[in-house]
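In the block that follows, a single chain appears as C-alpha cells, in the form predicted on its own.
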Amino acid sequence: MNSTVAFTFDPNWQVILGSTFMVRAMIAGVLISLSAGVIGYFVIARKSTFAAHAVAHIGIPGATGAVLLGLPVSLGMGVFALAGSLVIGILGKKASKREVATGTILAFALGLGLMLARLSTAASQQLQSILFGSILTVTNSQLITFLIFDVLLLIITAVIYRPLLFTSVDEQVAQAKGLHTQALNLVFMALLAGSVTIAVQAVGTLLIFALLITPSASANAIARSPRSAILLSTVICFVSIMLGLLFSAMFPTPPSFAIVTVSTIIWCVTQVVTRSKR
C-alpha cells in the first residue's frame, strides 16, 4: 500500500502564530537562543561536541525517572545532565580520557533511560518528546526557569570569560600560567548541562546539534573575533527557531524538524560563502 506525505498549507497560520502556546514558544526561543549561542561557541572552541551530545542523552534517564515520580521532566533531566557533566569533567581531565569517560557514562545512561521508560506507559510516551523536542508545550514556569538560568549564565560567563577562553584555546599553556583549568572545566560543564536541558525543549536530545553546534559552526566560519562569533551564533539560533516556528505554523510539521532544517541551511550557506572567498 503506497502512502505519500505532503506539506499542506494552513490558511489560518496567522491565527496559530498569535495563539498562547505559540507566543510562549517564541519567548522560549529567545531564551534558548541566548544560552545556546553563548555556550555553543565554547563547545566548539574546547572541542567538546561529543560531550554536548552525550550530556543531552545522559539526561534521558532523569527525564523518564521524573515522569515515574510525578516530577517535572525538565527537573529530572537537568539533575542528571548536571551530574553526568560533572562526572565527565572530573574523570576526563585530559582530552583523551574525557572521550572515554564520556562514552562510558553515555552508554550507561542510555541503558538506564530505556529501562525506566519500560516501567511506565507515560514514561514511554514522554520519551518521544524528550528525543525530538516539544517547544509548543512550554509552560510559564519553564519560561521563568529559562530566564533565571540565562541571567546566571551571562553573569558567570562575563566573570570567567577571559580565563575560560584562554583554557579553551590552549589548556596546557593556561595551566602553565597558573590558571585553575580543572575548576574552569567543571564550571563550563555545569553551564553546558543547563544549556542542554533548555535546548532539548526545542529540538530534543537527538537533534541537539542543531542549536548547540551548527549555529556556532556557522558563526565561526564568518566571524572575526570570539565576541562577534558568540553574538552571531545567538542570532543564528534565534533566526532558526523563529523561522522554524513560522514554517511549522504555515505547513503543519514538527517544529523541531523545521528548526533543524533552517539551521542546517544557514550552515550550508556559510560553508559555500567561505569556500568561495578562499
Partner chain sequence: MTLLDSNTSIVVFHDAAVRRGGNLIWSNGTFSIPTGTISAIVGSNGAGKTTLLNVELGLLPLTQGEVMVLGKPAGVMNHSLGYVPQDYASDIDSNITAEQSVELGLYGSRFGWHRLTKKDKDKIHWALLHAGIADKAKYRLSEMSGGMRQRVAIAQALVAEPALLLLDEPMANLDIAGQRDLADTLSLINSELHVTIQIVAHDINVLLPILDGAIYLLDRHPHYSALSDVMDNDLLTHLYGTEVEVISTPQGEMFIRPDPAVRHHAPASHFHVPSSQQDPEYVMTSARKNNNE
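Please read these numbers as outputs of a predicted model, since none were measured by experiment. Positions refer to the first chain, counted from 1.
Not on display, but discussed next: the form predicted in complex with its partner chain.
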item	value
Residue contact check: Gln175 to its partner chain in the predicted bound form, 4.5 Å heavy atom	yes
Interface membership of Pro163, its partner chain in the predicted bound form, 4.5 Å heavy atom rule	yes
Heavy atom of Thr234 within 4.5 Å of its partner chain in the predicted bound form	no
Distance check, Ala45 to its partner chain in the predicted bound form, heavy atom within 4.5 Å	yes
The unique member of Val169, Leu143, Met115, Leu154 whose heavy atoms fall within 4.5 Å of its partner chain in the predicted bound form	Val169
In the predicted bound form, the one of Ile105, Leu207, Leu179, Val79 near its partner chain [non-hydrogen atom within 4.5 angstroms]	Leu179
Contact stretch among 54-62, 235-243, 221-229, 29-37 - heavy atom within 4.5 Å of its partner chain in the predicted bound form	221-229
Residues of 244-261 having any heavy atom within 4.5 Å of its partner chain in the predicted bound form, listed in sequence order	none
